[in-house]
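Next up is one chain by itself, shown in structure tokens, the form predicted on its own.
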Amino acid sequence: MSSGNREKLNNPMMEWVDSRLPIFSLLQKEYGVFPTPKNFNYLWNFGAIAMVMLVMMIVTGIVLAMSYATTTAEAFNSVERIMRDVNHGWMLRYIHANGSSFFFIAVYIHIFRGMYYGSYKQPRELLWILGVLIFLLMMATAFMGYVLPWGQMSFWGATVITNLFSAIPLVGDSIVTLLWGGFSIDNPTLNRFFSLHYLFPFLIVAVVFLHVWALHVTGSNNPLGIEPKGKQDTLPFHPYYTMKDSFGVVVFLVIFAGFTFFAPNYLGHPDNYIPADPLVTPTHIVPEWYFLPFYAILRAITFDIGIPLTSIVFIPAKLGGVLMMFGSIAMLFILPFLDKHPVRSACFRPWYKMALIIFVVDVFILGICGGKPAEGLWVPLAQFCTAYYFAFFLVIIPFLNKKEPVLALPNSINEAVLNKKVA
């Protein structure tokens, strides 16, 4: 951007910087006058909320790393020392631990908003794929972070999850050995997980940059799912949506602060306050709550897949569970290519809206099943919910592409706003 293509700034210092590196002009263009649909609702706040949580997690994580010991002999005690002896260590630890849960809450709502309003559809397919990649990196980061306190659930959770890779034919055992750094979970494992847990948030920042870049290239979707047709359909991002996002962030942080200061251990597991003991297996091994739906899908495959009435097995139950668990994430990646319906928003697609609501309930039930022992009613219930999870993507959406009737769409965003038809 040359100096002839920008407006001069009133502040002399800012003008001096901007004439040499037009960062303020860029911010003004991308976050000041950037045209944004005028009918955003509060579900659009959760992108900004997720960004705030990411920054908070990075800052608290860096400070906590200064007092953490990456040895199996000292890891648990170092976390206790942070809680008891480091200045404000208890607060930093609780902000970081609960921040992980609230980061996932923000991202899950962000994903639901994208699915409800069709934000993954052309021309925003890459924007969606980058968002799912961020989600996948978050899951990897959170899993490795959960191991670091080196409590009972940390150790045994790491044992169960890393052992899953052994189900992969030919290379599975080598992958497990690489993850462990040896032939059992010990110091090399903890060092690996700490290093990657520290590194991955910066990788997430890089992908978030690409995600936001893609958003500014294609523009934002909106509750009606129709493209703006002119200036009458848009507003400048600032001050309208900076203020709306700020309000949403404040409300979200108030709720977050309530958990952090008044119920800091509510979302955690009590067994993680017991030092890791390889000789004592917990009664029921469970991951953090935000992994439970995928954990339920993993455990739902209790049968081998092969030729009936013979001993020929193509996919053992353990490998089948791993494939289904990773396949559940893969469904999100390919969603833009499965849903070819010309109408974006579920506001005008009654059948899709109902199927998506059932899908959300299905994921909640999977979460409950994942938190229960794999026995009794919970196993067939998880299997039924797993079947619906995949059927939603592979059967229902393709069917709706061809058969679903739609409601009449407004001619423009401005017309809908004036007629108070904003979803």
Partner chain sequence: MKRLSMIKITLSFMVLVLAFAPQAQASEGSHDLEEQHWSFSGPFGTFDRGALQRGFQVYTQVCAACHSLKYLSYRNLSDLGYDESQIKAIAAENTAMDGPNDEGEMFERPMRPSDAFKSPYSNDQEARYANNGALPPDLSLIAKARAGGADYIYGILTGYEEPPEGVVLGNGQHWNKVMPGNKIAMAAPLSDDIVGYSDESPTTKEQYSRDVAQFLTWAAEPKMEIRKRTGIKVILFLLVFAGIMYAVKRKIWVGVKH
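Residue numbers count along the first chain shown, from 1. Because the structure is a prediction, the values reported are computed rather than measured.
The next section is about a form of this same protein that is not shown, the form predicted in complex with the partner chain.
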query	finding
The partner chain: the contacting residue among P239, G182, P123, P169 in the predicted bound form [heavy atom, 4.5 Å]	P239
Selected contact from W128, Y94, F103, W156, since only one has a non-hydrogen atom within 4.5 angstroms of the partner chain in the predicted bound form	Y94
Answer range among 78-86, 316-324, 213-221, 171-179 for contact with the partner chain, defined in the predicted bound form as heavy atoms within 4.5 Å	78-86
L27: touches the partner chain in the predicted bound form, heavy atom cutoff 4.5 angstroms	no
Any non-hydrogen atom of P264 within 4.5 angstroms of the partner chain in the predicted bound form	yes
4.5 Å heavy atom contact, P342 to the partner chain in the predicted bound form	no
4.5 Å heavy atom contact, A330 to the partner chain in the predicted bound form	no
Residues within 4.5 Å of the partner chain in the predicted bound form, restricted to 361-386 and counted by heavy atom	F364, G367, I368, G371, K372
